[in-house]
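This document opens with one chain alone, in structure tokens, the form predicted on its own.
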Amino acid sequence: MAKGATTSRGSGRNKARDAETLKKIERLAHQVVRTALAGDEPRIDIPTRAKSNTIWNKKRGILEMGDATSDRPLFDLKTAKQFMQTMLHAGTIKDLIDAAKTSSLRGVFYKAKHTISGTKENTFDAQEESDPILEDLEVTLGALREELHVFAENRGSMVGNITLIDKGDEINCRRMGSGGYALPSIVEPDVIQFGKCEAKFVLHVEKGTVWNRFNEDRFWEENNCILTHGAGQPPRGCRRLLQRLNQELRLPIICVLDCDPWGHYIYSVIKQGSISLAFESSRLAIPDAKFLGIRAKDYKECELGEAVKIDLTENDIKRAKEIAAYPWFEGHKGWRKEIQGLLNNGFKMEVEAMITKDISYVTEEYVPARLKAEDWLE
């Protein structure tokens, strides 16, 4: 077996899905071949993954991708390399499906990377080139990353009152020790199923360091919940699992994030989706997710000291104003007040700042009090 690849134990549903994905890849290849044989320039239309092609669906409460596309012709110096890279990755995906194996993002990068014969030019120089091409391929084919047999590095952890079935293995998240259950990249129903669940909600925190405090204090046990983190900006696997917990088990998703533009952005992505992945919002976004804290008002309400202040940079201020202009924040009185409060303060605060009150203040006083009062932003 090639390094970076793993066998995909597929069900009947997987086989049908794979057959459909192969058809999409073959249609793309046939389109290129037919165009070339007709004497015309081969080209690919790639849906535009940019703010200009992102639509805010207020009724659904999510970001959606518009119908704009960008032309990627072969005989154009600006796009020739990207055209070649797109077709290389399409070939790799076909090989993975044919072999019933999966590969990491890194593995796909190395599979396609080589020096073009007779030149010193590489097909890919860095993974930062490769990953966006894979996302282009996703939207072009209308196929999700897991349908392309590609997974990302595991990021994030979970612990709490729920049992999962992961590829046939029973995972009791009540007995996961100090490290928790590592959230996988692919968490679709054919991989992860939900077993017994007593939890009443999910508390999602920003970072592993904060998650460790909540886990060590057995917050999930005391408050009958599931505790997750996404190692900062949560990856797709984490967001997809949160959405499934919300939609399938009807568990509220409550977020504890830093009081800064980055924390606000992370919440926005969890709630509405992201601009670059707007094509996946329907399976990632959680419109009723709640932002519990940390809040701009907490400096005074919690009687915090000067030591917790981190001055806003010019970039922070610029980013806060950009976020304030998002239509889902701009039209929300509570969020307008929150972001303006951050700017008026002139400083940001991390969740860890609460440790200046007491080592377990955030787990034993701050969050329980906010939950009881239902003091959050939506």
Partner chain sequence: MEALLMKPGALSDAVERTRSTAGRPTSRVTAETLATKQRDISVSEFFAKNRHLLGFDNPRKALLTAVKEAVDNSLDACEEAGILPEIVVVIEDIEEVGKAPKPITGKDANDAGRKSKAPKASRYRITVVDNGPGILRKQVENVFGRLLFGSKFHRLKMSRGQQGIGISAAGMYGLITTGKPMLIQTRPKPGAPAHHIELAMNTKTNRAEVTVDEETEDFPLGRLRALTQGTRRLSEGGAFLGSSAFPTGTSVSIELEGRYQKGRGSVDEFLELTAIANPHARIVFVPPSRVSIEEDESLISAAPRRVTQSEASASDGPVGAGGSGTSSPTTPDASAQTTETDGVILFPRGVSELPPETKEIQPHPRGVELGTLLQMLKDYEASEKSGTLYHFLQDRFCRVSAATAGSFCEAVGLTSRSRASAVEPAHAEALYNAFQEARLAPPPTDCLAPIGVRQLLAGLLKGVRAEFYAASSREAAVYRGRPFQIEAAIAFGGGLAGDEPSRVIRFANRVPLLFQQSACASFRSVTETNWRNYDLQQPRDGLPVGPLVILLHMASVWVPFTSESKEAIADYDEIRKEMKLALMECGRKLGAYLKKRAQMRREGERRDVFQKYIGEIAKACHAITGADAKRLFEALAEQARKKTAVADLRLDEDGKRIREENPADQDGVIIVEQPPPAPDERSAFAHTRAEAAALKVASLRSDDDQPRLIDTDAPGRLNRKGRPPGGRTSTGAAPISPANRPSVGTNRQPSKSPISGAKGRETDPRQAPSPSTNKRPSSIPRPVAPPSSVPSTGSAPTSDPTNRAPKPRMRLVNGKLVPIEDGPGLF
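This structure is a prediction, so every number in the text was calculated from the model and none was measured. Numbering follows the first chain given and starts at 1.
Another form, the form predicted together with the partner chain, is not on view; read the next lines as being about it.
- Of the listed positions (30, 336, 318, 60), a single one reaches within 4.5 angstroms of the partner chain by any non-hydrogen atom in the predicted bound form, namely 30.
- Checking 176, 187, 308, 88 for any heavy atom within 4.5 Å of the partner chain in the predicted bound form turns up a single hit: 88.
- Within 4.5 Å of some heavy atom of the partner chain in the predicted bound form lies at least one heavy atom of residue 36.
- At a distance threshold of 4.5 angstroms between non-hydrogen atoms, residue 216 is out of contact with the partner chain in the predicted bound form.
- Under a 4.5 angstroms non-hydrogen atom cutoff, the partner chain in the predicted bound form has residue 74 among its neighbouring residues.
- When the partner chain is considered in the predicted bound form, residue 223 lies well away from it, no heavy atom lying within 4.5 Å.
- Screening 41-49, 323-331, 341-349, 62-70 for residues having heavy atoms within 4.5 Å of the partner chain in the predicted bound form returns a single hit, 41-49.
- Contact with the partner chain in the predicted bound form holds for all three of 81, 114 and 117, each having a heavy atom within 4.5 Å.
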